[in-house]
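A lone chain, given as structure tokens: the form predicted on its own.
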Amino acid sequence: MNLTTALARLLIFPGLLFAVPAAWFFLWVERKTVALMQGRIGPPFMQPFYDFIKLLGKSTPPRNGVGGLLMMMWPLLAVSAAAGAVGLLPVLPSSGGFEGDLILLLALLELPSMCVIAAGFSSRSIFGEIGSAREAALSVSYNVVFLLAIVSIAASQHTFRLEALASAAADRPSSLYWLGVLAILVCLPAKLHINPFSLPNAEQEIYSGPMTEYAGPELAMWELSHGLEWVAATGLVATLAAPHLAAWWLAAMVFVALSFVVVLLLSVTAAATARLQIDTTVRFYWQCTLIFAVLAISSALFMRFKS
């Protein structure tokens, strides 16, 4: 991948020029779907954008010392990581990439969660610390399954290159490939903090969790980071499930459509379920979903060594 291609993917498509409006749109779809299933009207179409602009116009509480600098740094780092993850998605045909870019994508996808954990503890708020502790426990539980699912997909296709994995969906991949994609899909509600795994930001218990002490532009950056996580996480599933198409405009349309379907599916799941307790969540991922992930990676490694 040359510098021009990398900048185009990061800044234009599927990067910031596409990802930022898509982030607001996906947040609206999630809120609107939940509202309709609960018998409410829900927010207007432009509400996530209005919220972002409103927060940018508000003031930030004064903070002194290193703690204040850290609290300002975490949301900026989270936005940068989420935007980088979106830019790595192999949406267009022959979009380049490099060997091992899947590993970089996984690191960028996990960095916003680590920033949330650090932000809660940096705020010195009891609600922020409780939310960060929940986020850490949740991250450990689902990331084992998430990483094993990714490794099983990579092992079944003998590559850690995103473009090769994206094109594998058109080559009749084995059932292990689709089992890994399903495991990733199961992990997305926890990664995106929606029901039934919305423990870190349970408003009825700990206000906004790690975000309790944030306001103004810093909170706006957190909202933008969360929206970009929606685009990156659902886009990962879309690229792994989409057929490989030669026409760039058709590939882009399929990517957007599949991402929208995943957002709609996750939103319906969130509206139809209640928040689980932390011990129930950990048991779900470690006792139920982990079994399928271990079977998938074991079978993939066995088939690779056998061949």
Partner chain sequence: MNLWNRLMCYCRRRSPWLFHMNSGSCNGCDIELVASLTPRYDAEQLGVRLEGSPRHADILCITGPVTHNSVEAIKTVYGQVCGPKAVVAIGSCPATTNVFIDSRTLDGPLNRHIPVDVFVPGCPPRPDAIIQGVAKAAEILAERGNQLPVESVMVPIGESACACADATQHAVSEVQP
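Positions refer to the first chain, counted from 1. Every value quoted in this text rests on a predicted model; they were computed, and no experiment measured them.
Below, we refer to the form predicted in complex with the partner chain, which is not included among the displayed structures.
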Find out whether any non-hydrogen atom of V282 is located within 4.5 angstroms of the partner chain in the predicted bound form, and reply yes or no. no
My question is simply whether V144 lines the interface with the partner chain in the predicted bound form - judged by any non-hydrogen atom within 4.5 Å. no
Taking heavy atoms and a 4.5 Å cut-off, does R31 contact the partner chain in the predicted bound form? yes
Would A83 sit within 4.5 Å of the partner chain in the predicted bound form, counting heavy atoms only? no
All of A6, P243 and V256 within 4.5 Å of the partner chain in the predicted bound form, heavy atom check: no
Partner-free chain; cross-checking the partner chain in the predicted bound form, the single residue of W178, F160, Y207, F121 with a heavy atom within 4.5 Å is Y207
Assert contact residue (the partner chain, in the predicted bound form, non-hydrogen atom within 4.5 Å, options E110, D101, E223, E129) equals E223
Partner contact check in the predicted bound form: of 215 to 223, 231 to 239, 179 to 187, 136 to 144, the stretch with a heavy atom within 4.5 Å of the partner chain is 215 to 223
